[in-house]
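This document opens with one chain alone, in structure tokens, the form predicted on its own.
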Amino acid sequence: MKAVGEESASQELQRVVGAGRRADWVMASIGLAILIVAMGTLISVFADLIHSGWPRLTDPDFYTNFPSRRASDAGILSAWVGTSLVMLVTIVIVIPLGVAGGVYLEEYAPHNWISDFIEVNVSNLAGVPSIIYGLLALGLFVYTFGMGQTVLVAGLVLALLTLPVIIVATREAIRSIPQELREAAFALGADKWQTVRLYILPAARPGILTGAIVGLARAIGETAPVITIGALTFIAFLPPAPLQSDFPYLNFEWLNAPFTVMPIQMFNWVSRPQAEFQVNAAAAGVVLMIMTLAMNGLAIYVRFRLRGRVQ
């Protein structure tokens, strides 16, 4: 009887293990299929844009000319420079604030109804439509504070748009750190800030960078917020250079300069009836995707380097 019971238990165990493996195989197959569909869609769109915009992509003047009423002379100089400057402002503002907010909510904020209320609202803000942030920036920064339609305001509105994503990603990255690491740091005599700064944040940096990648990739392609605050659709000059030859070598006048960005330039060209402008829009789309992939690739490289140091 004992042998029969052991055999029955073994068969039941094998059945459970087999069912688990089949479930794992099904879920892995579904995930792989979704990944193939997503990557196939991206590659097909990218290939179609390259095919449509190839005549302008191979034209060096396309990258160094300002927009023009003649499609053959139009370029994206002001657009890609404006996008780069706006994203620079966004990165400088949102990453320190997002990480600091996530660290405070996860490590320092008291666990009461106020912190729960803040947590729920931060999570909800991550899904708010971008046009709402544009209206907020228009009423607050442009009309109330009189900051104008400038690079700084565009960076602020995109920082507001990205901030909830980075806060949530920072909190999740910190939560993934084992409690034993904190206890070991406290046992060595570290205080709360030393534990967070020297142990928790270095271990959580890969996850934090993942959140930053997602948030900034969304921000670089946003059109509604920057249109709402008054970004120009046609601009034939560049903001002042951030660097200068004279002391103090840094120039902040570009923060208050008018601007345009790549998505707005594409929208302007797509809305025109001439087929030549459609070619320009396709070429600009390729450049925007390359800028996004380059930014994400750099962040992924830094993330893996930091993850290797942590291990």
Partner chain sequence: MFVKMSAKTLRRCGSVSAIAVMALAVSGLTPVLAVDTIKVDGSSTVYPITEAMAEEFQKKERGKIRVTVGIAGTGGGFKKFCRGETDISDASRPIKDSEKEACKASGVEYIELPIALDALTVVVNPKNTWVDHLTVDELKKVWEPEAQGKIVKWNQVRPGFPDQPLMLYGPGVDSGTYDYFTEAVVGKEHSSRGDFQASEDDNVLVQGVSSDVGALGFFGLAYYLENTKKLKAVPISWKGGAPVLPSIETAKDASYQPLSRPIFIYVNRKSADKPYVKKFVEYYVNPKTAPKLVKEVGYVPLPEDAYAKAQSIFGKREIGTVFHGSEVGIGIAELMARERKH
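If you're wondering where the values come from, they're calculated on a predicted model, not measured in any experiment. Numbering follows the first chain given and starts at 1.
If you look for the form predicted in complex with its partner chain, you will not find it shown, but the lines that follow are about it.
Trainee: Looking at 51-59, 248-256, 32-40, 280-288, which lies within 4.5 angstroms of its partner chain in the model of the complex, counting heavy atoms?
Mentor: The contacting stretch here is 248-256.
Trainee: Would you kindly say which of 190, 232, 105, 203 lies with a heavy atom within 4.5 Å of its partner chain in the model of the complex?
Mentor: That would be 232.
Trainee: By the heavy atom within 4.5 Å rule, which residue out of 115, 149, 130, 210 makes contact with its partner chain in the model of the complex?
Mentor: None of the other options qualify; the answer is 149.
Trainee: Mark residue 224 yes when one of its heavy atoms lies within 4.5 Å of a heavy atom of its partner chain in the model of the complex, and no otherwise.
Mentor: Contact check for residue 224: no, nothing within 4.5 Å of its partner chain in the model of the complex.
Trainee: Is it the case that residue 240, even though its partner is missing from this view, gets within 4.5 Å of its partner chain in the model of the complex, heavy atoms only?
Mentor: Looking in the model of the complex, residue contacts with its partner chain include residue 240, since a heavy atom lies within 4.5 Å.
Trainee: Is there any non-hydrogen atom of residue 92 lying within 4.5 Å of its partner chain in the model of the complex?
Mentor: Yes, residue 92 lies within 4.5 Å of its partner chain in the model of the complex.
Trainee: So, in the model of the complex, is residue 186 in contact with its partner chain at a 4.5 angstroms heavy atom limit?
Mentor: Heavy-atom contact with its partner chain at 4.5 Å: absent for residue 186.
Trainee: Is any part of 56-72 within 4.5 angstroms of its partner chain in the model of the complex by a non-hydrogen atom, and which residues would that be?
Mentor: Counting only heavy atoms within 4.5 Å of its partner chain in the model of the complex, the contacting residues of 56-72 are 67, 68, 69, 70.
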